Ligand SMILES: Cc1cc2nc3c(=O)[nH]c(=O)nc-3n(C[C@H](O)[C@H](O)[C@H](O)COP(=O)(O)OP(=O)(O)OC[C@H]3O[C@@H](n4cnc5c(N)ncnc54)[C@H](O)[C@@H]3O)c2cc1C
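One chain comes next, on its own, written as structure tokens: the form predicted alone.
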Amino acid sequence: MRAAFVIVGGGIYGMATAWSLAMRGAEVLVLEARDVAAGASGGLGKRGVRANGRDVRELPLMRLAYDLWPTLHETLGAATGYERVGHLQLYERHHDVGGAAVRARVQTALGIPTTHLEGAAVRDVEPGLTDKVLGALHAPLDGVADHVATTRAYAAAAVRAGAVVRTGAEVTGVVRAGGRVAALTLADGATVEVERDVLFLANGGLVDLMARAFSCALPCWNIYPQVVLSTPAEVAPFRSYVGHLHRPVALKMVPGNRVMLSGGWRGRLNAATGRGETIPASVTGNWADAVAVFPAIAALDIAEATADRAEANSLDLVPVIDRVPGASNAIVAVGWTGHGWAIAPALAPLLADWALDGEAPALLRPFALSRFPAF
């Protein structure tokens, strides 16, 4: 088996990049160890399409993504579940006022319209907030999307454009020759020859592969983010996508009038199953944070909690996107946790540009490995 461009990973980045390449006439093969959206791009609820509070290096990409999300379902020919509900980043501490005001100004200057709301102005947007909230950053162009539906929409569009997607194809090794990747080996013993470039875009399983195949110790590690869903609410306690400056809590309303709760609480790896699992105390703590922000949530119950989706986290919480050291035709993009979903429609075409043209796009250079002293 062979292909001009080989992509490792069938999540949002693998599928969106495959679509971008195939739409330009490139021969593309996607190798996914399990199934489309089986990893970090799948799971419960919805994902945030958020610019508010992001690292400023990512905001130019979000500015591009803002223009793509509202019509992405038309572009791909399938539903994405996108809703522009706005994002509130709350604060309860007086010393956060100055930073909020500055961030609102900087984000707006970078094309992310943001308002610093204080006091009663916050409750004009979300009346159900606790009185402890002193203010918030409000980014009205932020929203949410169905990550499983969107990833599958990209996959279907990629296949229609000519890409080949192989599921159950776990990459276990790399064959190198002359400073480039010549082939990939699979768990079933098959070999896939790489004629031009290989893009390593799986978010949950790349760190070990990079270390084993390239002696490249990426500044990333796997975590198991926790997601909690409530029982249905008779009346939605809020409408916006809501985050917080110091509480590890992120809140969304999802179909069925249920509250989705995440935001930094984590599970742990179950060594026996090889999957993530929740920690009861973390579920309880996450729920307490949600009630502290919106007291009406106390009337609901926890219906479901999971931490089964591994994601790679980087040292500075910003993705690593670069050529693989020692492999001139290999690109790696990893460490997306909390930062990858929203920018995917804007960033994936840039990965395709890089593979086709051979030069890193300017908007991706801030994410190079060279920002870490070890590289």
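Quick note: we count residues from 1 along the sequence shown, nothing fancier. Since we're looking at a predicted model, the values are computed, not measured.
Only in words, not in the display: the form predicted together with this ligand, which the text now covers.
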Handout entry: Stretch from 114-122, 77-85, 162-170, 189-197 whose residues place a heavy atom within 4.5 Å of this ligand in the predicted bound form
Key = 162-170
Exercise for the section: Although this ligand is absent from this view, report whether P349 comes within 4.5 Å of it in the predicted bound form, heavy atoms only. Expected result: no
Handout entry: Close approach of A18 to this ligand in the predicted bound form, 4.5 Å, heavy atom
Key = no
Problem - Exercise: A65 in contact with this ligand in the predicted bound form, heavy atom 4.5 Å - result: no
Problem - Interface membership of T150, this ligand in the predicted bound form, 4.5 Å heavy atom rule - result: no
Fill in the blank from the handout: The one residue among L129, A157, V227, L141 placing a heavy atom within 4.5 Å of this ligand in the predicted bound form is V227
Exercise for the section: Within 4.5 Å of this ligand in the predicted bound form, which residues of 17-47 have a heavy atom? Give them in sequence order, or say none. Expected result: L31, E32, A33, R34, D35, A38, G39, A40, S41, R47
